[in-house]
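Have a look below at one chain only, the form predicted on its own, in structure tokens format.
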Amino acid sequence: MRKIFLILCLAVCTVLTGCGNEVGQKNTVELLFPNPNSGIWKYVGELCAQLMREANYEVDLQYCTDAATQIEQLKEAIEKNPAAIVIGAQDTGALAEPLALAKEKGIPVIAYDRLIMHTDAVSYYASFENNSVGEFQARYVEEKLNLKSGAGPFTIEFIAGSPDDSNSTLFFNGAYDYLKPYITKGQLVVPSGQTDFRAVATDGWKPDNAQARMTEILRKYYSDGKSLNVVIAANDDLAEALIKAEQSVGYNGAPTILTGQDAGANGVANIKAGKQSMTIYKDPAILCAKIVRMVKAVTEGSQPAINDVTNIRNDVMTIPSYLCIPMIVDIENIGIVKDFR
């Protein structure tokens, strides 16, 4: 009888130990995000971590400032065998190799906002409808300049995001494709001739790079009194780069319309000061809440609610996705924006 009792005790201890490990893994989430110096990314990381903890997950939150660091962080995260990994990629094309190990170990990977390329190891993707970002910027231009009524010609230039961010081409294509018919008709004219994504891209999303390029464009194409009417800037930092470029060359004819994105502190301030026309607001609270629901589903063995199973492809596979709708913000409704500083 004593022998049977000892065997039963050993069995119970073994089960409890196993359950303890399993529960620990099920409740551990790795959050990897870029650029802690960016107000919005810092806010996103902290908000996601807070919401995960409120949902009873143990969270390891890490930031990086370069792709190499994030790769090492990802490798370390995979070694911990967490229940899920959420990644806001620093370089969307640099994570395929370590993610192969995550897939091998069966760890669900959720891409936050930036689509991770060149891999079949991404389980889900959550973002805003990023093609709509550029389209919404373009629609704003169309409306404010009465392009549907045939108004024009107006001059226009483009400042796109970084080539290593897969969203950058979506933003640019959304805007350019929508406005292209007006360019073809001559209602919108691009004096620099720079309409190819590679030509207008800004390496690293660095405002200094955009400022240098726009300074050159202003000096070369707008020094004879020609007005620059529209600038499609992919985000608020790049919009501010245009403002600084104008100041550096003494250009006083501020664009009739200057777009932005992110509704960051500088964008909000520039809109209030009349230096920037609009921005695209993607409320991080909406996306972070969606990420938590996705993690909860995968850790419980169910499929997250998704609304796109056909359109999001990273050049290797089509990724089940949930896409939220962004919002146009200008001086009329700027008060709805949260302060990310």
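The first residue of the shown sequence is 1; numbering continues from there. Keep in mind the model is a prediction, meaning the values are calculated, not measured.
Missing here is the form predicted together with a small molecule; even so, the following discussion is about that form.
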{"item": "Location of the small molecule contact in the predicted bound form, chosen stretch of 31 to 39, 64 to 72, 294 to 302, 51 to 59 [non-hydrogen atom, 4.5 Å]", "value": "31 to 39"}
{"item": "4.5 angstroms heavy atom contact with the small molecule in the predicted bound form for Gln211", "value": "no"}
{"item": "Exercise: Asp113 in contact with the small molecule in the predicted bound form, heavy atom 4.5 Å", "value": "yes"}
{"item": "The small molecule contact in the predicted bound form: Lys282, any heavy atom under 4.5 Å", "value": "yes"}
{"item": "The small molecule contact at Phe171 in the predicted bound form, heavy atom, 4.5 Å", "value": "yes"}
{"item": "Listed residue that, although the small molecule is not shown, lies within 4.5 Å of it in the predicted bound form (heavy atoms), from Glu246, Glu240, Glu157, Asp165", "value": "Asp165"}
{"item": "Among the candidates Tyr124, Trp205, Tyr176, Tyr182, the residue which, in the predicted bound form, approaches the small molecule to within 4.5 Å (heavy atoms)", "value": "Trp205"}
